[in-house]
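Take a look at this single chain in structure tokens; it is the form predicted alone.
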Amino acid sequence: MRRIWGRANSSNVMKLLWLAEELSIPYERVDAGGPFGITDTATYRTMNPNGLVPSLEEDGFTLWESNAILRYLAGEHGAGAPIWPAEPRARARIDQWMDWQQTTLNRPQTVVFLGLIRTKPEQRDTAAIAQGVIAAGKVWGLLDRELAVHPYVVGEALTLADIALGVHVHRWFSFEIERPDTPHLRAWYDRLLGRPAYARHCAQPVT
């Protein structure tokens, strides 16, 4: 039995659900984290010592870190396909953008997300949010320039790079903020919205 542990409104869980549907990978999702708790229990910490979601459990094998889980599942079920190609340089370009999502995009966008979505209006640090919007806009602008060259993050087809970043672009376009003009980023987001698995698992109300 393959289980994905994590609440459905977690961006890192959304990645896995989207990929699983794209590749027709069967799974059971178990609510964990946030209001569901569980992540602080000794049993869960044995599986994921960070006490975060998601976690993958599969026939005695466990794995944490969402992008690592994406690579594992794609390697098991989509290796050699465009979503996770075998050619080392093609795969390295995908890895580059997956790492960029975690190291470059997450920092400013998390400030905006937590400030606008997870903080009561009267408690918001408006200056920090404004700075986060500016910083995140610059980061998204870099991807906008890349998407002017090809329809998906690294080329003509959907890859793990799109999955790692796509969950966050929905949040970006959902925030009630003034955004810089990024027509290629918007066109890419619209292409993702046309994929049933993305619409079902990622393009939901941001909470």
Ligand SMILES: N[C@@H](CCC(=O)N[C@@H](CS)C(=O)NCC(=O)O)C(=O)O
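The first residue of the sequence shown is number 1, and the count goes up from there. Treat the numbers as computed from the prediction; the structure is a model and nothing was measured.
The form predicted in complex with the named molecule is left out here; the points below concern that form.
**Student:** Using a 4.5 Å heavy atom cut-off, which stretch among 29 to 37, 149 to 157, 135 to 143, 175 to 183 contacts the named molecule in the model of the complex?
**Tutor:** Of the options given, it is 29 to 37.
**Student:** Although the named molecule is absent from this view, report whether Arg3 comes within 4.5 Å of it in the model of the complex, heavy atoms only.
**Tutor:** Answer no; every heavy atom of Arg3 is more than 4.5 Å from the named molecule in the model of the complex.
**Student:** May I ask you to state whether Arg7 is within 4.5 Å of the named molecule in the model of the complex, using heavy atom distances?
**Tutor:** Arg7: yes, in contact with the named molecule in the model of the complex.
**Student:** Quick one: does Met47 come within 4.5 Å of the named molecule in the model of the complex, counting heavy atoms only?
**Tutor:** Result no; Met47 lies far from the named molecule in the model of the complex.
**Student:** Under a 4.5 Å heavy atom criterion, is Pro54 part of the interface with the named molecule in the model of the complex?
**Tutor:** Yes - in the model of the complex, heavy atoms of Pro54 and the named molecule come within 4.5 Å of each other.
**Student:** Of the options Gln102, Gln131, Thr119, Gln96, which one has a non-hydrogen atom that comes within 4.5 Å of the named molecule in the model of the complex?
**Tutor:** Residue within 4.5 Å of the partner: Gln102.
**Student:** For the stretch 54 to 87, which residues lie within 4.5 Å of the named molecule in the model of the complex by non-hydrogen atom distance?
**Tutor:** Sequence-ordered list: Pro54, Glu65, Ser66.
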